[in-house]
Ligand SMILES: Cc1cc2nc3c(=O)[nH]c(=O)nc-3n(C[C@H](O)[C@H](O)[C@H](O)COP(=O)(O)O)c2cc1C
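Presented as structure tokens, the chain that follows is alone, the form predicted on its own.
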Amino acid sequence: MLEMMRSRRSIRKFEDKPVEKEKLDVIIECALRSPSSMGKRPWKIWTVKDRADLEKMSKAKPHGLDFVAKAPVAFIVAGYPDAADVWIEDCSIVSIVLQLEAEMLGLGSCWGQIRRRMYDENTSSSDYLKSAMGLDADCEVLSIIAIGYKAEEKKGHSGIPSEKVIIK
């Protein structure tokens, strides 16, 4: 895992090639097995492959989601605030597990932040997605994770910020 983490980067350009069902099944199973506080799993994951839906998703905020429209698949990760007070943490874990398993399978990914973002001055990005994609009214969308075969190569980040770790 350390070697993967040394080289992993967010990928925003994807090949025009579908991700095989077998790989998607593994990615989804890993996400479903994500750690969850008290095993509540206060989240739901929508898998989106339809090109028109991916285009709609890419419009959830004014900038920063263009890559979603070009991805072969994207996951909407949403939580249920009434189900657990740690829905944000649990959904964050699911989101990163989706990304890390995709990387393990030779795919690239990028996280699109939705929580606390706005579609326009009156509508949150989460509310836009709930309406545009027919999501549950009582959920809150945390992220969109786009996944696909990498159409760009990036070097891993050099070094690690040692000042971010305090050892006592």
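Predicted model only: the values in this text are computed from it and were never measured. A residue's number is simply how far along the shown sequence it sits, counting from 1.
What comes next is about the form predicted in complex with the ligand, which does not appear here.
key: Segment assignment from 61 to 69, 34 to 42, 121 to 129, 48 to 56: heavy atom within 4.5 Å of the ligand in the model of the complex   = Checking each option against the 4.5 Å cut-off leaves 61 to 69.
request  = Find out whether any non-hydrogen atom of residue 108 is located within 4.5 angstroms of the ligand in the model of the complex, and reply yes or no.
outcome  = Answer no; every heavy atom of residue 108 is more than 4.5 Å from the ligand in the model of the complex.
ask   = For residue 13, is any heavy atom within 4.5 Å of the ligand in the model of the complex, or not?
value = No.
ask   = Taking heavy atoms only, is residue 157 within 4.5 angstroms of the ligand in the model of the complex?
value = Because a heavy atom of residue 157 falls inside 4.5 Å of the ligand in the model of the complex, the answer is yes.
message = Residue-level question: is residue 9 within 4.5 Å of the ligand in the model of the complex, judged on heavy atoms?
response = Looking in the model of the complex, residue contacts with the ligand include residue 9, since a heavy atom lies within 4.5 Å.
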